[in-house]
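Next up: a single chain in C-alpha cells, the form predicted alone.
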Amino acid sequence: MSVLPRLPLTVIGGYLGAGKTTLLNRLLSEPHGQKIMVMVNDFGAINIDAALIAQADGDTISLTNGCVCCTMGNDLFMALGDALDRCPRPDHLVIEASGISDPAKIAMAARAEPDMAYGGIAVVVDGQNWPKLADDPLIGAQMRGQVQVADVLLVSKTGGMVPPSLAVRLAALSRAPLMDLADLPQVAPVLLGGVAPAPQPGALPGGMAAHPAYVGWSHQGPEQFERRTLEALLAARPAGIYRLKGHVLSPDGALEVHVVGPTVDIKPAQSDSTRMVAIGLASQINRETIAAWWASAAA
C-alpha cells in the first residue's frame, strides 16, 4: 500500500489591505504546475479571473490549471480534513489568514496533523502604511506580531524599492528573508517551495532588466544518510536557504524533509531515491554554495 506524501500547508498573513488577495491572484494565475488548494474566508473578494474558472459549485471554485479555491469555515481542523480527504489530494494547501488573525496559530495546525507538513508563514507587509499602523496604540502590537512569526516577509506597494527605514524596522522584529513583491517575476517558488524558473527575457518598467530575487537548486541521487547525519547536515545548512524539501534515503527507510526558515520537519516516507529542492535569496546564496554544502556530507 503506497503512502501519500504529506500535504504542505503555507499560510499567507498580513493586516487588512496589505495585498494578500493580490498575492493569491498572482499565485493562482502562474504556471507553477502544481495542483494547489487555496482556502480563504470569502473567495468572492478575490475576484478570480473568469478565464481561469472551470467550474463553480457552492463554496468551491475549480480552476482550469487544476487548482481549487474554496471558503474556509470556522472549524480549521474540519477544513484541513477536507483537504486531506480530497481525491486526488492537492500538492499544496495555501490558507489566507484573515487580516486580524494570528497566522502562527493556523500554521501550527500542520505540526499537529501527521499527514501535513509545515510549509511556512508568508506575511504581506504594506510598504506604504505599515510604519504608521505598527505605531498605532490599538493595532500596533498585532501588526508587529504578524511580522515576528513570519518565515518570509513580502513587501507590497513599494513602487519598486523597499524604503530603507521600513527594512530596518522589519529587520529589528524578524530575521525572515525580506522580498519586494515588485521584484519577484513569480511568487509560486517562494510560496510553494519549487525550483525557481529561469528569468524571462524582457525588461521591467523603468528599463531595469528582469531578474529573479531568488535562486533554486535541485538534486537527485542514490545517497543514503543516517537520520542523525541528516539532522546534522540540515543544522549546518547555509543561512541563505529559505526553503528545502524532498525525500532522503536512509538505512531504516526513506525520510520526508521539510525545512522552512528555522523549522526542520523530518518524518518517515516512501521513496526510491534521494530528491531535494531548495530556494534561497539570490542576494544571500547561489546554487554552487547549496550544491557544495550538500556534497560535503558525502565527502
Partner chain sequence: MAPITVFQARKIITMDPNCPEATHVAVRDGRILAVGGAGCADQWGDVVHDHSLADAVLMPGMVEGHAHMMAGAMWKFAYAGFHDRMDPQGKWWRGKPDIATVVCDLTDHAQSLPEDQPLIGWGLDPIFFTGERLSRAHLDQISTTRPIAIMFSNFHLMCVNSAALAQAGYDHATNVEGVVKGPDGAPTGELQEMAAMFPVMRRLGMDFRGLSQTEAAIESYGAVCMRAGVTTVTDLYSQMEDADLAILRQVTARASYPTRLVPVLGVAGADPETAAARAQALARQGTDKLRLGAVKLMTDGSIQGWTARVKWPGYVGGQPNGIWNMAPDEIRRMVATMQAAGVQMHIHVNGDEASEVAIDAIEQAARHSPWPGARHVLQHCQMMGPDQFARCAELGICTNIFANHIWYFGDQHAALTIGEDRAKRMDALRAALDAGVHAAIHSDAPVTPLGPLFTAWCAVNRQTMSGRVLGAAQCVSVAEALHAITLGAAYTLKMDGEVGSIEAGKFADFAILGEDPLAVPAQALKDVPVLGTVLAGQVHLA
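The structure presented is a predicted model; accordingly, all values stated were derived computationally and were not measured. The term rigid core refers to the maximal set of C-alpha atoms that superpose within 1.5 Å between the two forms. Numbering follows the first chain given and starts at 1.
Omitted from view is the form predicted together with the partner chain, to which the following refers.
Enquirer: Please tell me which of Arg169, His219, Lys157, Arg111 lies within 4.5 Å of the partner chain in the model of the complex, judged by heavy atoms.
Expert: Checked against the cut-off, the match is Arg111.
Enquirer: Please pick, from Gln142, Thr229, Asn129, Gln224, the one residue with any non-hydrogen atom lying within 4.5 angstroms of the partner chain in the model of the complex.
Expert: The option sitting close enough to the partner is Gln142.
Enquirer: Even though the partner isn't displayed, in the model of the complex is Asp135 close enough to the partner chain, meaning a heavy atom within 4.5 Å?
Expert: No, Asp135 stays farther than 4.5 Å from the partner chain in the model of the complex.
Enquirer: With heavy atoms only and a cut-off of 4.5 Å, decide whether Asn41 touches the partner chain in the model of the complex.
Expert: Result yes; Asn41 sits at the interface with the partner chain in the model of the complex.
Enquirer: Just checking whether Arg175 would be counted as a contact of the partner chain in the model of the complex - the rule being heavy atoms within 4.5 angstroms.
Expert: Contact with the partner chain, no.
Enquirer: Please run the contact check for Met78 against the partner chain in the model of the complex: heavy atoms, 4.5 angstroms, yes or no?
Expert: It does: once the partner chain is placed as it appears in the model of the complex, Met78 has a heavy atom within 4.5 Å of it.
Enquirer: Looking at 80-88, 182-190, 161-169, 120-128, which lies within 4.5 angstroms of the partner chain in the model of the complex, counting heavy atoms?
Expert: Result for this chain: 80-88.
Enquirer: So, does Val68 move by 2 Å or more at the CA between the shown form and the other one, with the core held fixed?
Expert: Result for Val68: no, shift under 2 Å.
Enquirer: If you line up the core, does Leu255 shift 2 angstroms or more at its C-alpha between the shown form and the other one?
Expert: The answer is yes, as the C-alpha of Leu255 shifts between the shown form and the other one by 2 Å or more after core alignment.
Enquirer: Using a rigid core superposition, assess whether Gly33 undergoes a CA shift of 2 Å or more between the shown form and the other one.
Expert: Not so; Gly33 is displaced by less than 2 Å.
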